[in-house]
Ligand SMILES: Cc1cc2nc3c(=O)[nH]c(=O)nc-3n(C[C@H](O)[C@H](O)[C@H](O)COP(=O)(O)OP(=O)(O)OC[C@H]3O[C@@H](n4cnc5c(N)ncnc54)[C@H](O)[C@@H]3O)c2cc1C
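Next comes just one chain, in structure tokens: the form predicted on its own.
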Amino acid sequence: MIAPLSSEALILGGGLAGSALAIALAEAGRSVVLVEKNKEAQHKVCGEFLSPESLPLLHRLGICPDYLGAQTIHSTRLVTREVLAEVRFPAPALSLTRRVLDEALLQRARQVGVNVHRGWTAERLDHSESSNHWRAQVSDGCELMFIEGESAFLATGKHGLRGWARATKGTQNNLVAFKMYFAFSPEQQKQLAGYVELILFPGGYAGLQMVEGRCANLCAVVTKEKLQQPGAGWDSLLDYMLRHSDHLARRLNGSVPMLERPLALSAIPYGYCMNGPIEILSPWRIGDQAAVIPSFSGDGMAIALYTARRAAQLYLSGYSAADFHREIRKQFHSRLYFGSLLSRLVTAMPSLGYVARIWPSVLLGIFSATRVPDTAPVS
């Protein structure tokens, strides 16, 4: 048993939201302990699209994605068998792998004084009425350690913590996600550069874009019903997507998979948004613990950074977790409802994408309707 640690802020989870919050609090002079289960940054099932509004949030944290090799994304293409529409974004976005970005944020957290514990998994979190402190039990597989904090922040992504499960499910819970990196030919790199391609097929959709290292990220979601068919799996899903998109088939022609096996994630609570009872005594929930938007919108990483920033603002101004949760519910409920509705529609009827061929501005409207709000000052 290792002697217990104590801090003002205890953060469980060192992904985008957890690290961003830790940096903001440490730079404000607060003592922070952050617990991250992985010893090294990992590839994650993520489209890795950094929307324009996420970039100022990263810059405030001292992170410059361009220096990390991020690729500029200036436009989106909507694709079924062929390209249906192409729209330029109001401002440039970026593409950067989570492994690189997560590592940069954790290193930055250490630089500003955060006590980072990597390779430790949170097993439980309790609140003591007598001391009015939170206490986490964490383990590295061999040793147990207790960490106390005046406040606790849950930033464990889509994974729950025993005793602190989400009060409600998402509005679209029947999708499974897969991700694979591909090494592209120089010609395909040139044709994809600057674009994120959203590829629609019956039962799902996929995003394709270049990332650093001259490789492409293909991240797809598909209904569980589709995967329950005989012989279903990554190979059959990829073959299925290629049969339904000649465009994707040309993109992947001659490409080489970069991972030994695809990454996968099930039980994704798309549409979840703090819509259960607001608990007075609760850890602060940030990132995917606060709101989960369908990958169709491309704003998941921005939500992680935004909720971290807003939680820091409110916490430093003396507001409670309940205050924060109420605000997140108010700000994101309609955005998540709209995003989930679109995700369900295109999954069931990819032919709706032909609307964008007639009115390309529809794509820009969808992009605008699901954006995170401005990071407002505390009123």
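Counting begins at 1, following the sequence as shown. Keep in mind that what you see is a predicted model, and the values were worked out from it rather than measured.
The form predicted in complex with this ligand is left out here; the points below concern that form.
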item: Stretch in contact, per heavy atom within 4.5 angstroms of this ligand in the predicted complex, of 143 to 151, 254 to 262, 215 to 223, 180 to 188; value: 215 to 223
item: Full three-residue contact with this ligand in the predicted complex, heavy atom 4.5 Å, for Ala17, Glu36 and Ile268; value: yes
item: The unique member of Arg135, Arg108, Lys158, His247 whose heavy atoms fall within 4.5 Å of this ligand in the predicted complex; value: Lys158
item: Selected contact from Val45, Leu68, Val346, Leu314, since only one has a non-hydrogen atom within 4.5 angstroms of this ligand in the predicted complex; value: Val45
item: 4.5 Å heavy atom contact, Gly300 to this ligand in the predicted complex; value: yes
item: Phe332, heavy atom within 4.5 angstroms of this ligand in the predicted complex; value: no
item: Interface membership of Glu197, this ligand in the predicted complex, 4.5 Å heavy atom rule; value: no
item: Partner proximity in the predicted complex: Phe49 to this ligand, non-hydrogen atom cutoff 4.5 Å; value: yes
item: Residues within stretch 79 to 101 having a non-hydrogen atom within 4.5 Å of this ligand in the predicted complex; value: Arg98
